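In structure tokens, one chain follows: the form predicted on its own.
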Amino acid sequence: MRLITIEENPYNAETPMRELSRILTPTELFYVRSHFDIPDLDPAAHRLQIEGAVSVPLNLGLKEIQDLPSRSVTATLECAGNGRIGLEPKVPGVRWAFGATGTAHFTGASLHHLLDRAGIQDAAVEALFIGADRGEVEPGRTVAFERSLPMSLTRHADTLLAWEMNGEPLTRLHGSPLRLVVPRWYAVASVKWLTRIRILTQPFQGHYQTEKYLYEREKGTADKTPVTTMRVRAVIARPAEGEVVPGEGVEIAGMAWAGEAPIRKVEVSVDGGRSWSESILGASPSEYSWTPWRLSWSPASPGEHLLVARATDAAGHAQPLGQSWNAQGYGNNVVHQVRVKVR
């Protein structure tokens, strides 16, 4: 099994749906999101600068960062554009299906340790994270990939500067040698190939903050609301789209996750949404990770059946039955559908 390439340049690839039935996504099958050419950085020479509204600017090598107290989190990451392929009318952006997500075990250091060492000034409002990847976003305009976070989130113990993924050093595709990991937020916040952190006294106004990764013209959402926490979603990992299944003993299974609250239930329909049954939830590996679910099904008749999964979190947020259309195609957490044939 290999990643499904969506774009060659820049390289973007998603995880095969069947692999989303695993609690941990193998690194080689973890989706890849790139905005520009993927940097090739030497861990031995890599430096991280912390600058701006700090008392003591820092310029640290990877080994110095790894000497900080280590911390590990198991977290589900999801591209904000996951599910964009289903939007009508079509919108610009990478044509993700539903495999732009994965769960991994990340090890690093809590970001606040470095911020404490730098001495954050009272006027600070945001921290800007700048990656080594950069490129042209329009003719004559070149930018680095950079995103900011509120200072309150940078202080959370599980906001990590990570150097390890699934027990091994980060790979080049996933941000080597150092990346940010922000659990519960769409993965745009988890800046890869991290080179600089700049502490700001005014909100950041860069391209990927105020022009991209916004909800524009979405019904029920204030225009240009920034993308932040992941919306509730369930995906069907088994059976696969178009699969021929037996007339009894079929297991429908997948994963569900949300950014704001734990998963409370996953309902499954085997008749295209006319009726629903509640699935059995498994144990999530962490508070930041997806929850496995499964439902046993004995089809009443042969032929084609439309399977649908709908998750609800503990705060009462449920997946919509119709698309969450917006002009940039973010956060489309419409219920996942898989069409199968019963023999």
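In this text, residue numbers run from 1 along the sequence as written. If you're wondering where the values come from, they're calculated on a predicted model, not measured in any experiment.
Keep in mind that the form predicted together with a small molecule is missing from the display, and what follows is about it.
**Q** Among 120-128, 183-191, 248-256, 85-93, which stretch has residues whose heavy atoms lie within 4.5 Å of the small molecule in the predicted bound form?
**A** Careful reading of the contacts points to 183-191.
**Q** Within 4.5 Å, heavy atoms only, which of Gln66, Ser279, Ser34, Ser284 is in contact with the small molecule in the predicted bound form?
**A** Checking each option against the small molecule in the predicted bound form, the one that comes within 4.5 Å is Ser34.
**Q** Go through Asp158, Glu267, Glu218, Asp133 and name the one with a heavy atom inside 4.5 Å of the small molecule in the predicted bound form.
**A** Of the candidates Asp158, Glu267, Glu218, Asp133, Asp133 is the one lying within 4.5 Å of the small molecule in the predicted bound form.
**Q** Would Cys79, Phe145 and Leu173 all count as contacting the small molecule in the predicted bound form, using a 4.5 Å heavy atom cut-off?
**A** Looking in the predicted bound form, the three residues Cys79, Phe145 and Leu173 all sit within 4.5 Å of the small molecule (heavy atoms).
**Q** Determine whether any heavy atom of His105 comes within 4.5 Å of a heavy atom of the small molecule in the predicted bound form, and answer yes or no.
**A** Result no; His105 lies far from the small molecule in the predicted bound form.
**Q** Is Arg179 close to the small molecule in the predicted bound form, meaning a heavy atom pair under 4.5 Å apart or at it?
**A** Although the small molecule is absent here, Arg179 would touch it in the predicted bound form, with heavy atoms inside 4.5 Å.
**Q** Decide whether Phe30 counts as a contact residue for the small molecule in the predicted bound form under a heavy atom distance cut-off of 4.5 Å.
**A** It does: once the small molecule is placed as it appears in the predicted bound form, Phe30 has a heavy atom within 4.5 Å of it.
**Q** May I ask you to state whether Trp163 is within 4.5 Å of the small molecule in the predicted bound form, using heavy atom distances?
**A** Trp163 lies outside the contact set for the small molecule.
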